Ligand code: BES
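Shown here is one chain on its own, the form predicted alone, set out as C-alpha cells.
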C-alpha cells in the first residue's frame, strides 16, 4: 500500500473517505464533517446503532446532488472514550483496512482527527502501522480468484491533514516498521519447502548488498570448524544444510553495540521425540524469531540509527528424525565448551541459540543482547497468546524492553530467573541437560540460555504464544503476527 499525505484542497476523489471520532454526545463539534455524512451520522447516533465505540464503524453512501462528490462512500470509525494512545490509533488503522476490504474500495482518504489532544506525528505513525498491518494478505500461492470477490486490498491511502511535515514524518516511521513486520509474516507464511536455512542466507545477503551492511554466512564446514555442536546436532537428522547468518550494521565505534539473535528453525518435527501429527503443519512457524530479527534489520538499514551498532545472528536448520538424528541420551558440546545431555530432541531451539549467543558475544563483545525464539509451549500455559514471556539478567535492559513493548503494542512480561531454576537443568553425566524437571518449562529454558551469555546484559523473549495465533486484533490477522519486529525497532529508536 502507498500512503500519501495531502491537504484537503489537493484531494479530488477517492473510493472511500474515512473520519475518526471519539465517543461523545456532540461528535460534529471540532472537525469538519460534510453535510452528506452529518445527516447519516445524526440518525445513527439517535438510533443508538452507532455511538463511536472503539472499533465501531458506520458506512454510508452519499446521494448525488449534481455537485462534484468527493467520494462514493463515507465511513466513520469510533475511537471510543478511553485515554488516547498509539495502540488505539493502530487498531483504528486496522479497523479501516478491514472495513475497506469488505467493499470494492482500493483508494481511500483518511481525514486525520487533528482536533484531538494527541501528537500528530505519533497519530499518523500508528494509523499507518495499523493500515499496513491490517491490509496484509498472503496470496503468493493462490492461483485464482472468484470474479465476484472484491479486491480485498487497499492500493493507496491519502492522509488528509494541515500539519503536513509532522504527518509525513510519522507516516514514514510507521511504514518502515509495518512493512518490516509484513516481511516477517511473509517469511513465516512460506511453507518449509520454500523457506529453508538457505533462504535466510539469501535474504540477508541481498539486504547487505542493497543497503551496505556486512553479511557472513557460516555453512556446515565453518560450523564444524567452530565446534558448534548444538546447531550441528539438531541438523543431523535433516537433508537441509544448516546455516548461521550474521548481519552487521555499524554506525560509530563510540556507541554501544546491540546483538540480536533469532531462532531460525525452519521446520520442527520434534526429531526423534516427535510431535503429535495434529497441528504439526504450524511448525513451519518455528523460525519466527529469526524472521523478526532479519526483518528488523531491513528497517534498521533504512533508518540508519546513529546511537547503536546492531548485529543480528540467525542460526537456521530443520529438526527432523532422519537416520542420523540426535537421540535422547546423546551428549553434545556447545560452542563455549559446555556439554549438554539431550533429554528431549524436541527442545532443540535452545541448542541453536546457545551456540549463536556464545559465538556472538565472544566475537562482537556487545554491550547487550536480545534473543527471540518460539521456544516453549509452557509460555502459552502461563501467558496465553496475549503477551510474550521475558527473562533477563539485567534490570535496565528489561525496563527498556518493557517500555518498548507498551509503545509498540507488543507487550512483554518478566518471569523470574534465579539459581533455583538453574538447578533443574543440572545433569549427572554432562554440564547441563536440555530439559528441566519439576515444571517451569519456560523459565528453565531461559536458565539454560543464561549459561551461554556470561555477564553480558541479556534479555530472552519467548514468543511461542504470540508469533502466531496472537490475540486477534484489527491489525493482527490469523496466522503469523510478525511479532518482535516493531518491538525491537522501538527499543532501537528510543535508545
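Source: prediction; values computed, not measured. Residue numbers count along the first chain shown, from 1.
Separately, the form predicted in complex with the ligand exists; it is not shown, and the next lines address it.
*Asks:* Check for me: heavy atom within 4.5 Å of the ligand in the predicted complex, for each of 268, 283 and 375, yes or no.
*Replies:* The answer is yes; 268, 283 and 375 each reach the ligand.
*Asks:* Heavy atoms within 4.5 Å of the ligand in the predicted complex: which stretch among 124-132, 327-335, 295-303, 342-350?
*Replies:* Residues of 342-350 come within 4.5 Å of the partner.
*Asks:* Check residue 33 for me: does it contact the ligand in the predicted complex (non-hydrogen atoms, 4.5 angstroms)?
*Replies:* Contact with the ligand, no.
*Asks:* Would residue 263 show up as a contact with the ligand in the predicted complex if we use heavy atoms at 4.5 Å?
*Replies:* The answer is yes: residue 263 has a heavy atom within 4.5 Å of the ligand.
*Asks:* Does the 4.5 Å heavy atom contact test between residue 461 and the ligand in the predicted complex come out positive?
*Replies:* Looking in the predicted complex, residue contacts with the ligand do not include residue 461, since no heavy atom lies within 4.5 Å.
*Asks:* Answer with yes or no whether residue 275 is in contact with the ligand in the predicted complex, where contact means some heavy atom within 4.5 Å.
*Replies:* Yes, residue 275 is a contact residue.
*Asks:* State the residue from 380, 192, 217, 255 whose non-hydrogen atoms include one within 4.5 Å of the ligand in the predicted complex.
*Replies:* It is 380.
*Asks:* Which pick from 52, 457, 443, 435 sits with a heavy atom within 4.5 Å of the ligand in the predicted complex?
*Replies:* Looking at the other structure, the residue within range turns out to be 435.
*Asks:* Could you run down 304-341 and flag each residue that has a heavy atom within 4.5 Å of the ligand in the predicted complex?
*Replies:* Sequence-ordered list is empty.
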